[in-house]
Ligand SMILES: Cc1cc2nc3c(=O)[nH]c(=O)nc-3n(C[C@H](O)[C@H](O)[C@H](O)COP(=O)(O)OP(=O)(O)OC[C@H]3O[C@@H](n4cnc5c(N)ncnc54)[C@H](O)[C@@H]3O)c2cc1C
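Take a look at this single chain, the form predicted on its own, given in structure tokens.
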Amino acid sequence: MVDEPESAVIIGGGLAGLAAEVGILAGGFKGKLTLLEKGPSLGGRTNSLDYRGRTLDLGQHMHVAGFDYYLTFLKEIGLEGKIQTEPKLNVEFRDDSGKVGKVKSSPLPPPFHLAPSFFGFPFISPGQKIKLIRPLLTGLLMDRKKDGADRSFGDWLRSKGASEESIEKLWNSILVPTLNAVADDVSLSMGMMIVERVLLDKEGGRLGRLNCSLSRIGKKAAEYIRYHGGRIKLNSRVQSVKIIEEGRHLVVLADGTTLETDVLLSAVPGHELSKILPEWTREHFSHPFWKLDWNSIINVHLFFKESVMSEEYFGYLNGSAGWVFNINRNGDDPGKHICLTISNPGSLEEIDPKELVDKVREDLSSPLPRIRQTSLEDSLVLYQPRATIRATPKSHDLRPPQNSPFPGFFLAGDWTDTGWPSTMESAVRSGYSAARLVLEYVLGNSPTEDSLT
């Protein structure tokens, strides 16, 4: 049985799918537009959960001021007042010896505004700081898209004189939280993009966060979508997609419901898309996205009886290295609830949750000595398997464009070819790009970028 045909169907209610539906509606689409989400709420990896009376974000997602599409999307759905971006880059790092270093923007013009911080960075030797100048200046002059796709950032840094010490203590501290991978696993083009967009862009590199729970993104997007005539179906897991003829598609849900549509936009991760597409479609894709590698992220929440932290966040360079966040710094009982976000966790992903909590607590007792004087009342480990794609050399060849080989079938997701690493910005960019293609396909015209953002 085939239900009443839908004008357009979007699969996936994460950032990419939400941005796609918002973009299509903003572009003047008047037909039926339905978003299918397998879970009970919207937002995907940018969401929250309830835990023993607390609302916990699935990850401590930070943005930079240069996330143009992501920040515009938040403003479009009504979250402008919740965006908190620092006036200048000011990031603190600590290690287990008690050293504290900052990467802080100075009054100097870019790209020299971070020079005082680099030369004062206590975790690498003076000689290695001098050697940082060459890769930074060389990177400014290179064409990263042309010259950096087939080589790792780590190999390139070594060829420019960088030491293992500087790669481990500095470069990986920047790359792991932004690309979820170390320098040796990152393509030169993606590594240099982070250097350009975070380190060398004085305004665009400023860090920020939402001043509310991440679940607000999905809720506000749903309000926008429904107000503008779009539809959302939660708890609607897609079992398979069938391409029955050019420009016609069947979407089969797990409950047996079948939707027929002229336009289909998939905004689910590539590894999920490969499971619901017919096997025969693979030979038509020029970018075999099902071969992409993915990395996980772990968030370890610790709830103490007394306050152990006063700072908002800092980067920790030893042990279970990651970013430490003071969750309720501006709320009730500040400093009692901290969270360590571990990107690129490697073998830590295989450790028993209780053992991981004990390890994290011990590791953080060096930069946060008050941990030793108070008791741990509760803890929770949140795993995000396959959180981001690995931006390895050659990964660009696996990331497909938003246009698929099949008429009326479009792709969105941070794993598609957006020119960005697998980030919130990449997800929203892909959604808006796919929306433009849908509108061009349906309406016969190509809307301007401004009309969608």
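From 1 onward, residues are counted along the sequence shown. Note that this is a predicted model, so its numbers are computed, not measured.
One more form of this protein, predicted together with this ligand, exists but is not displayed; see below.
At the 4.5 Å threshold, heavy atoms of residue 269 reach this ligand in the model of the complex.
In the model of the complex, at least one heavy atom of residue 422 sits within 4.5 Å of this ligand. Within this chain, residue 392 is remote from the site of this ligand in the model of the complex, having no heavy atom within 4.5 Å. Contact check for residue 38: a non-hydrogen atom falls within 4.5 Å of this ligand in the model of the complex.
Residues placing heavy atoms within 4.5 Å of this ligand in the model of the complex fall in a single listed stretch, namely 411-419, out of 393-401, 48-56, 25-33, 411-419. The partner is not shown here, but in the model of the complex the stretch 208-243 reaches within 4.5 angstroms of this ligand through a heavy atom at 236, 237, 238.
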